[in-house]
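First comes one chain, alone, set out as structure tokens in the form predicted on its own.
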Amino acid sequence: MYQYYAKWIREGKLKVNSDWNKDLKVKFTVQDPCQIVRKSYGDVVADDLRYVVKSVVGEENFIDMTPNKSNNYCCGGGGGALQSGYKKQRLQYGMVKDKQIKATKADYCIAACHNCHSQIHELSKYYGGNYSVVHLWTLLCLSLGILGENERAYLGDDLKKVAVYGA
């Protein structure tokens, strides 16, 4: 989907707007999902993912992790790990990802993959991270002005009221 989103934004078919974050200056980083980036399409899809992210949050509000793209670290939640019953081991493995995210000092980590989202959310809580986790589609909808009030429950207070008309 990242490649389609990027294509549609470039073609003007998906009219996203990052103006909502001009004054807020909320900082974002992005997790590269293992299956589509590291194990499949590589940096080509990672670059499209970053194009989409920068289009919806503003280029100046994006902080990349180091390493990133095809060399980024796995979060530890995929491949059935979330359901495996080995929570302690999963969280220990994920400590590398938690430290990597914290090093960016971003307010939010964008996770386009549901497994990554769940794992990174748990890592932030477990290791006392000061970052939240957000789905890519949430930010796409926010940037389009169509994110419903009921779809904001998991967002931080800094984003709950962005572009909510009549709030």
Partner chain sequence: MAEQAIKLGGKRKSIFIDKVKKLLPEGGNLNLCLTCGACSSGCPATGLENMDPRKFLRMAALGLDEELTSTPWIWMCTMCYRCVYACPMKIDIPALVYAARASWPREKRPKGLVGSCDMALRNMSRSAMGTPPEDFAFVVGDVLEEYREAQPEFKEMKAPIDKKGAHFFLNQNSREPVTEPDEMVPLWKILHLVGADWTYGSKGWAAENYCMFLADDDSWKKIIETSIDAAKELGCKVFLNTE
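Just so you know, these numbers come straight off a predicted model, no measurement behind them. Numbering follows the first chain given and starts at 1.
Below, we refer to the form predicted in complex with the partner chain, which is not included among the displayed structures.
Engineer: Residues in which of 22-30, 123-131, 57-65, 108-116 have heavy atoms within 4.5 Å of the partner chain in the model of the complex?
Structural biologist: This holds for exactly one stretch, 108-116.
Engineer: Whether A163 contacts the partner chain in the model of the complex should be assessed with a 4.5 Å heavy atom distance threshold; does it?
Structural biologist: No, A163 is distant from the partner.
Engineer: Test of understanding: in the model of the complex, would L159 fall inside 4.5 Å of the partner chain by heavy atoms?
Structural biologist: Outside the cut-off, so no.
Engineer: Might K39 be said to contact the partner chain in the model of the complex, defining contact as any heavy atom within 4.5 Å?
Structural biologist: Yes.
Engineer: Taking the partner chain as it sits in the model of the complex, is H135 near enough to touch it, meaning that at least one heavy atom pair lies within 4.5 angstroms?
Structural biologist: Yes.
Engineer: For a quick check, can you give me the residues of 78-111 that have a heavy atom within 4.5 Å of the partner chain in the model of the complex?
Structural biologist: If the 4.5 Å heavy-atom criterion is applied to the partner chain in the model of the complex, 78-111 yields G78, G79, G80, A81, L82, Q83, S84, Y86, Q89, Q92, Y93, V96.
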